[in-house]
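What follows is one chain in structure tokens, specifically the form predicted on its own.
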């Protein structure tokens, strides 16, 4: 269930009496996830001089899945995979974004996000909340071909943005090209072809000086 001490967005303009109870819960959830548009990520946009937000990131992944599904090493259900990428970052509404190249921030990430999942999905009717929580767990555990491909998209998309930014978060202090390869290698768990392409971009970025050469601890 949700933390009753946390104000919900819907409290600003409560729904009128008489609204069906199930719809009330569903509308409340839909309003609350508007917060996703305010969660800034580290990745720079290509089309504007600002950072990407989580809602934009999730939309981009949802477009990538049907376009790149042909490169999956295992057959995937495209619709199911789209569901996974659309909801995978919803918990960051309460848990916040955890930068990929900040190991200190990731120490309690799993705990923060689990608590957030309980609270956020607890806003929904029990059956839907349970279903979305199962999808979120599936993504986190990468136990299915769909989840592995969804995770690959999650790592490939910022790689493309950083390439377009001529480095972007690859230039994070202390981070090297080897660190980038290590963080992105999960792409290869779902698609050898996409990981080959990803390595090409990382290698060329290193050659051009957009990331530091050598190994590191980040």
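Positions refer to the first chain, counted from 1. None of these values were measured; they are calculated from a predicted model.
What comes next is about the form predicted in complex with another copy of the chain, which is not displayed.
ask   = Taking 104, 108 and 130 as a possible spot, do all three reach another copy of the chain in the model of the complex with a heavy atom inside 4.5 Å?
value = No residue of the spot touches another copy of the chain in the model of the complex.
inquiry  = At 4.5 Å between heavy atoms, is residue 42 in contact with another copy of the chain in the model of the complex?
reply    = No - in the model of the complex, heavy atoms of residue 42 and another copy of the chain never come within 4.5 Å of each other.
ask   = Heavy atoms within 4.5 Å of another copy of the chain in the model of the complex: does residue 29 have any?
value = Yes, contact at 4.5 Å.
ask   = Any of the heavy atoms of residue 157 lying within 4.5 Å of another copy of the chain in the model of the complex?
value = Judged by the heavy-atom cut-off of 4.5 Å, residue 157 is in contact with another copy of the chain in the model of the complex.
Exercise: residue 166 in contact with another copy of the chain in the model of the complex, heavy atom 4.5 Å = So residue 166 counts as contacting another copy of the chain.
Contact set, 55 to 74 vs another copy of the chain in the model of the complex - heavy atom within 4.5 angstroms = If the 4.5 Å heavy-atom criterion is applied to another copy of the chain in the model of the complex, 55 to 74 yields 55, 56, 58, 59, 60, 62, 63, 64, 66, 67, 68, 70, 71.
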